[in-house]
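Take a look at this single chain in structure tokens; it is the form predicted on its own.
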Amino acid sequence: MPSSESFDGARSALWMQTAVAAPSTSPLSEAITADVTIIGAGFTGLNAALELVAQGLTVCVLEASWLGFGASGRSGGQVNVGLNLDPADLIAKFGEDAGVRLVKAVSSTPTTVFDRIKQLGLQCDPVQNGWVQSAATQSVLDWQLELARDFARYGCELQVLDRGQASAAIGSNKYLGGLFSPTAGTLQPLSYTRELARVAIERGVRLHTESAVTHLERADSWKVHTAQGVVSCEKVLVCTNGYTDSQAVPGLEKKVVPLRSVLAATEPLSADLRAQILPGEVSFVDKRRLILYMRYDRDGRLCCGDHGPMRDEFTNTDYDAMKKRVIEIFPMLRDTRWDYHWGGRIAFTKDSLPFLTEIEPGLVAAMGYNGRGVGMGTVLGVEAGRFVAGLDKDKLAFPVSSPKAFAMHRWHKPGVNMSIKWYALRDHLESVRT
């Protein structure tokens, strides 16, 4: 456990210790030109950059901090199927054609990510052993059955597990059943980010770290200003997700609310414990309003994540509730040491969906993953690149939309805290009745 009273949620991450080396980068310190400037060097921005250079365009990526500073270096690294709306709801929202394209893209998200890793030769510890979503209540199990039927209409295989199957897959008898996605898996998120950056640079992308955008200027072309340099370009793509502020595009920050997720990793577990806990080394989500998620890393550490406080510095006690939840599921971990503690921001949106939006001609934004950033950040990054390159929006796998802003956004912190307490109470009451 970190010894200080409070600590940074990025540099203490397990991934900082096990990631591949980052490519060499430097701040922007001159005036340059490019066809497209991308703000944010995370999953979305880097995948968009690779798509754009493949289309023959020149690209400059500006990262405010270091590679993987945001969620792309702090997340749980799960690559899952699905969004927070079911297929039928997505089609109802976006219409038959766009909705079906989106459902198919969502259904194939893990395959898209793992195929991309192979094609690009990325060293990021990919594991495709599947994902289990548990059902602690009958209402969740009923919903999972309907969800599996819904996805099956579009060729996506999700298996509904009964109590015995769920118990065998998870290593706990606390659940009524669950859902299994065989194509899902995990990766090392910071390695994935660094490797995407490496390939992007090799293919001609200019990538500058420690280059926060101070403001945009529009004349004959866009001018993207940093403290020491400026990029003149035809188009700008903003991919800042939970770290969006009012500097570059005032008002965009009101389209997302940054929640915090805390994560911790155990010491490497013994072979005996690993045979009992997630024995197939699947990734796992305890499906409630406040989800708990887990996966193994390459060294056999169990990595767990839960909701956190509404601040960017963390304290030792911020992890107590999560560890209690983990031990309630796996009592055999009661005496296990926890070696790493970290956390960061997740961007939530008004409709619980990511968005691809054109703010004005030549200025596009893509973000808002609601906890599904590894897979959807990859998919949406590619689609954003295609859109910026000129592909007709009717051919995109992801719809172009106009996301709504949060009313009274400046008071989102107390609002989120109240919602978390309400969700926790409802989860508790439902577990008592089960």
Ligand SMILES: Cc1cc2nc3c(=O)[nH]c(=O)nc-3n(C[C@H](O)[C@H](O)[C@H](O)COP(=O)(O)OP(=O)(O)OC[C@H]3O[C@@H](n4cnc5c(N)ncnc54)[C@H](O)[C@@H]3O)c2cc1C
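The first residue of the sequence shown is number 1, and the count goes up from there. A quick note: this is a predicted structure, and the numbers were derived from the prediction, not measured.
Not pictured, yet referred to below: the form predicted in complex with this ligand.
Asks: With the partner absent here, would 105, 258 and 382 each sit within 4.5 Å of this ligand in the predicted bound form, counting heavy atoms only?
Replies: Checking in the predicted bound form: none of 105, 258 and 382 is within 4.5 Å of this ligand.
Asks: Heavy atom within 4.5 Å of this ligand in the predicted bound form: which of 243, 319, 94, 222 fits that? Just give me the one.
Replies: The residue in contact is 243.
Asks: Under a 4.5 angstroms heavy atom criterion, identify the one residue in 76, 171, 99, 308 near this ligand in the predicted bound form.
Replies: Partner contact (heavy atom, 4.5 Å) among the options: 76.
Asks: Residues in which of 384-392, 33-41, 399-407, 51-59 have heavy atoms within 4.5 Å of this ligand in the predicted bound form?
Replies: Of the options, only 33-41 has residues within 4.5 Å of the partner.
Asks: Though only this chain appears here, would residue 83 touch this ligand in the predicted bound form if you measure heavy atom gaps against 4.5 Å?
Replies: Looking in the predicted bound form, residue contacts with this ligand do not include residue 83, since no heavy atom lies within 4.5 Å.
Asks: Would residue 345 show up as a contact with this ligand in the predicted bound form if we use heavy atoms at 4.5 Å?
Replies: Taking the distances in the predicted bound form, the answer for residue 345 is yes, it comes within 4.5 Å of this ligand.
Asks: Do residue 265 and this ligand share at least one heavy atom pair within 4.5 Å in the predicted bound form?
Replies: Taking the distances in the predicted bound form, the answer for residue 265 is no, it never comes within 4.5 Å of this ligand.
Asks: Please check if residue 327 has a heavy atom lying within 4.5 Å of any heavy atom of this ligand in the predicted bound form.
Replies: No, residue 327 stays farther than 4.5 Å from this ligand in the predicted bound form.
Asks: Scan 345-377 and note down the residues that get a heavy atom within 4.5 Å of this ligand in the predicted bound form; none is a fine answer too.
Replies: Stretch hits, in order: 345, 346, 369, 371, 372, 373, 374, 375.
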